[in-house]
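So here's one chain in two forms, each on its own in structure tokens, numbered structure 1 and structure 2.
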Structure 1
């Protein structure tokens, strides 16, 4: 090791800031997981606080765990299915548009929502959905329907959140798919055309099969994070609205509230340790499955 350091010292010097960063900001905080097994007292610190074994987990598993786990998995599943589906469709359709200027305009606009923060999205959501001046309610009234008070309608929010997720990310993912489509050799399409294949047949028999690897990589990356909610998104849009919490509370927002609002570090610690372990297990399982199906697509 010393010889290696002597030989390539400068290279390790280049890597040093990154290594220090990982050590401090990624590995040191892992000691925070110990709090899950302690009755944490901020004055005594992690080491000084007494051990309580699995009490925090008993409390967590005795109460909210199933509820927030189901919410997290359900919302993420909706995001993955609708998000990848829509962006795949969008990419294929964009690729079929023959008017160059229209294609370019559409491509620019669908990518735009990706650049703004979830807080801006939440403001736009409010402008669309609020009861008194919201655009959607105004349209409903004009079309002869009753106003809907969306912000007190808990059942609707998993769907609204899905729509917002698709709206914000479809442009981004469709660019990845489009890049993959452009790398498909045009010879396939030309020979298909000679054989008299219609557009739909070309999409089904050429484009979709060749997009499979890209699709699988994106799918895997997202499934690996299925236990993680996008805190910026969900807390940004829902905030502390108590009516909507039952259907939209995910592991991350729950852990945040336990930490910042209730001040229960130990409960929050138990929740995030549960999340980290489940996340790791998911990745390992899915990687194993993918390896069996298609070795080249697996992550490791």
Structure 2
């Protein structure tokens, strides 16, 4: 180790600020998970508060934890599949645009929704789906159909939320895929053209296989947070609507609503620790599967 430090000392010195930042803001806060096993009292602090073992977990596992866990996994699975799939197709489409001016306009157009906050999106969603003057219902009436009470239709909202998620994030992830596509050597495509390959054949046999490592890394990163619901999105759009809660309630919104009245930090810590542990287990399992399929594409 000393020999390695002497050999590449300047490189480790460059990495030092990042490592200190990671240590302070990523590893030190992990000690906060201790409050999940304590009856936290602000006046006594974390170390002064009494230990209660696993009593705080009874709040979560004594309730409707299985239903909201399934909701969380179901919604995140739809977000991951539809989001990454759309981003990949969007990146390939953008790469096929030959006019640079038109390509920049399309990139800006698809990337713009990423900067719109979920609060603004929630107002836009209400303007589109409300029963009395919503845009969707106006279009249905003009087409000769009856109005639909969207905010009373619980089964439709997992799909509506997925559409909104894809609309907002597909442009962001497509830029990552597009950067990976531009790094592919042009010699592959030139060789394929000489062999008479069409653009579709080049995409299928060159672009998609070479994008696999990027796709797997993004997939693993998202799977690592599959037990986390997007609180800003789901609570901003669904709110406390009791009709939609059975199909859209996730762990984060459930904990927020329950703890908003109780105000117990330890119970909240127990829920967060459950999400973190399950996320770690999930990413370890999927990384093991990826290693069995393609060792070079695994994270570790």
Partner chain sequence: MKALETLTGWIIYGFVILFTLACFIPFWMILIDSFATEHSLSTQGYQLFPTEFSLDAYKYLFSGKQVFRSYGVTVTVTVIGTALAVLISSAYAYALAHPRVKYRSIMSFLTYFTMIFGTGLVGFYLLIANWLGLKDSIWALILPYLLNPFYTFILVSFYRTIPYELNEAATVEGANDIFIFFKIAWPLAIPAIACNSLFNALHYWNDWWLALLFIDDTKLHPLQIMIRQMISNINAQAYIAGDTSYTAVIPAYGVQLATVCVTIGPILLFYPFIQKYFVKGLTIGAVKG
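Residue numbers count along the first chain shown, from 1. As the structure is a computational prediction, the values presented were derived from the model and not from experiment. Only the largest set of C-alpha atoms that superpose within 1.5 Å between the two forms is called the rigid core.
Looking at both structures, it is structure 2 that matches the form predicted alone. In the core-superposed comparison between the two structures, the C-alpha atom of residue 70 has shifted by less than 2 angstroms.
Core-superposed comparison between the two structures: the Cα of residue 102 travels 2 Å or more. The Cα shift for residue 236 between the two structures, taken after rigid core superposition, is smaller than 2 angstroms. Relative to the superposed rigid core, residue 11 shifts its CA by 13.2 Å between the two structures.
A C-alpha shift of 3.0 Å is found for residue 271 between the two structures, based on superposition of the rigid core.
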